[in-house]
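Each of the two blocks below gives one form of the same protein chain as structure tokens; they are labelled structure 1 and structure 2.
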Structure 1
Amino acid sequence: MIKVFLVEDHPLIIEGIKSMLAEDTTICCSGICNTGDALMQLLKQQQPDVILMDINLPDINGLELCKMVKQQYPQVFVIGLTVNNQPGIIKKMIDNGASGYVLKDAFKNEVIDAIKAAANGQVFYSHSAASAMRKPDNILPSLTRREKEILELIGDGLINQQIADKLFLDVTTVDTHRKNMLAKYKVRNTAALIKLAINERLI
């Protein structure tokens, strides 16, 4: 019997997963939480074989949560779950110790297959996740803390001087970060940078 925890904040998805898993007698879903925090509390009491985890949770980023779980409970296998097919995030989840990735357009058997594979220590991707992986553009550089901070303020419409004032920095520093981001993502200007950052969920 494979013991599964589900971390998901959308009741509809919870129902869907529960309903799918109910059809397989070798899997039992013994814990459901809707936040990362609730999961960490639950794990203190008992550990499942597999955690099925939504990447977009209200309280914590899925990548962080996955890393935390694997650090404290390395024997527990984690499977990522998400609606939005974010190129690049799949690879990052695997880097953070995940045993698989299932997009929400996955079919019934794919969820079950992923859980079974994970329980055996294998890695599984749903069909759509695998095809997303094959795209070469999934190796986007990530933003540093500071860059992300600055990029968010840029997106809010602040100019370099205002950002500098807000973060107690020199204007030239803000400008340097801005230029580094343009170079990092090989975009021509701020407009393209913001578009890319939002579409890739970097901010």
Structure 2
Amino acid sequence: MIKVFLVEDHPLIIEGIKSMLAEDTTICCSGICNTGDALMQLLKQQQPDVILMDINLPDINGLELCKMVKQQYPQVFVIGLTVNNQPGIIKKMIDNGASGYVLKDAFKNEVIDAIKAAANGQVFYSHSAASAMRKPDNILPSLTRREKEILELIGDGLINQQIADKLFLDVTTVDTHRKNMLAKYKVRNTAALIKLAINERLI
């Protein structure tokens, strides 16, 4: 039996993944965490074989969380589970120790296959993640709808708390999006991010 932890903060996705895994008798979802901190606390008590980990978490970037997990629990396999299809992010997740990368548009069998592959020490990419990795590096990644909203408000001079209030989000979620955009476009600060977005007509 492959023990799996799910690290995800969206209830609908949690329920979907749980029901999906319940259909396979060789996999057991033995832990669900909504934040990175909750995961690290749970890992002190028990370790699974595989962790399905969202990258956009309320309290920490999944890239850093993956690195922390692998440093402290190298025997635990991590699979990125996200909507982010940027080649740079996928590569960074793998560089930080992940054994796979599955986009949330994946078919059910791809999620199951990813878990089984990771448990066997193999690296697995969902079909759409593999396609994203083949994109030419010189093509700038696009902004998601939420990222565009947040970036436009940053450009208007709003701080994280004001943006969170305006979009009805948690302030940590806004900060996570900001950090993800810095990583996605490989810029050092928000000013450089705004300049790039304007020059490349991303906003």
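For clarity, a rigid core is taken as the largest C-alpha set superposing within 1.5 Å between two forms. Values in this document were obtained by computation on a predicted structure and should not be read as measured data. Start at 1 and count along the sequence of structure 1; that gives the residue numbers used here.
Engineer: Two copies of the same chain, shown separately. Which of them is the form predicted alone?
Structural biologist: Only structure 2 fits here, because that chain is the form predicted alone.
Engineer: On a rigid core superposition, would residue 18 pass a 2 Å threshold for CA movement between the two structures?
Structural biologist: No, because once the rigid core is superposed, the C-alpha of residue 18 moves less than 2 Å between the two structures.
Engineer: Is residue 47 one of the residues whose Cα moves 2 Å or more between the two structures, with the core superposed?
Structural biologist: For residue 47, whose C-alpha is compared between the two structures after core superposition, the shift is less than 2 Å.
Engineer: Has the Cα of residue 34 moved 2 Å or more between the two structures, judged after a core fit?
Structural biologist: No, residue 34 moves less than 2 Å.
Engineer: For residue 193, give the CA shift between the two structures in Å, the superposition being done on the rigid core.
Structural biologist: Residue 193 is displaced by 5.0 Å at its C-alpha.
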